[in-house]
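Encoded as structure tokens, the following chain is the form predicted alone, with no partner shown.
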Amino acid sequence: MAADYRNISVEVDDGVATLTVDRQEVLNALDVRTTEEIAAAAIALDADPDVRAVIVTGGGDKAFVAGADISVLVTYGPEQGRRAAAAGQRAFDLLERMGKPVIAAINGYALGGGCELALACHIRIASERAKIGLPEINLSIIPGHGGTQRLPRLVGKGRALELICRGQPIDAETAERIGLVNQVVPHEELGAVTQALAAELASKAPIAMRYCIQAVNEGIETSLVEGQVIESTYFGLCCATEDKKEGMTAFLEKRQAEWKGR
């Protein structure tokens, strides 16, 4: 399937997949084909039992994803715009709902759709050089790939509205301070840090990992009472797995657990 990709690449090594948006001539800007390829890759990676964690990053040394391809966006009328936004939302939803940890390695500019792509990932690690923002207001549009919804859930309504309505990017240090990214690292260490984190997460029990992600994703949209019902349900499902028995037996026997994904 990877041979069909033109604007992204996917490599898998020891349980960790790296999805790279690779349109370096336009700073990895998103267009329809690119979001379609991201969606296709997310479906394939989620279904692949040999993949336990995913890293999303941008090709080259300047940009994660610098935004949408404005030369295409300028031609859109209302219905084309709505369809394009919905398609981008679907692609990013597939990443967010993946039952495997998805880490954004933000290696440069993450603007507009690039910021929204990072927001859809479960964990965000940023290079010290990263610039992150939603500048759509400066083009007289709004974020269309989930930015108006995910950002306030992550950093709060007030900070989100400031970033969206001012349209000014922030540096990596500020993004970490407000909770937009989990960690900032020296640029030359970004690859090693994200690979180490992905390898750590890939070593965890895969069924429990999927249920952790699903419980958080589903519960955050509900009340505390409803969320705890979701949590107890997934807790019970974990107790039906062979991996749960193996994990607890290994703990009691003081040895490393061997996960079967069953």
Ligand code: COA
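Note that residue numbering begins at 1 and tracks the sequence as displayed. Computed from a predicted model, the values in this text were never measured in an experiment.
The same protein also has a form predicted in complex with this ligand, omitted here; what follows describes it.
- At least one heavy atom of Leu139 is located within 4.5 Å of this ligand in the predicted bound form.
- Residue contact check for Pro152: none of its heavy atoms lie within 4.5 Å of this ligand in the predicted bound form.
- Although the partner is absent here, Glu37 sits far enough away that none of its heavy atoms falls within 4.5 Å of this ligand in the predicted bound form.
- Taking the partner from elsewhere, Thr174 is found to have every heavy atom lying beyond 4.5 Å of this ligand in the predicted bound form.
- Heavy atoms of every residue among Glu25, Lys62 and Ser71 are located within 4.5 Å of this ligand in the predicted bound form.
- From the list 183-191, 108-116, 81-89, 153-161, the contact stretch for this ligand in the predicted bound form under a 4.5 Å heavy atom rule is 108-116.
- Interface residue among Val56, Ala42, Ala198, Ala66 relative to this ligand in the predicted bound form, by the heavy atom within 4.5 Å criterion: Ala66.
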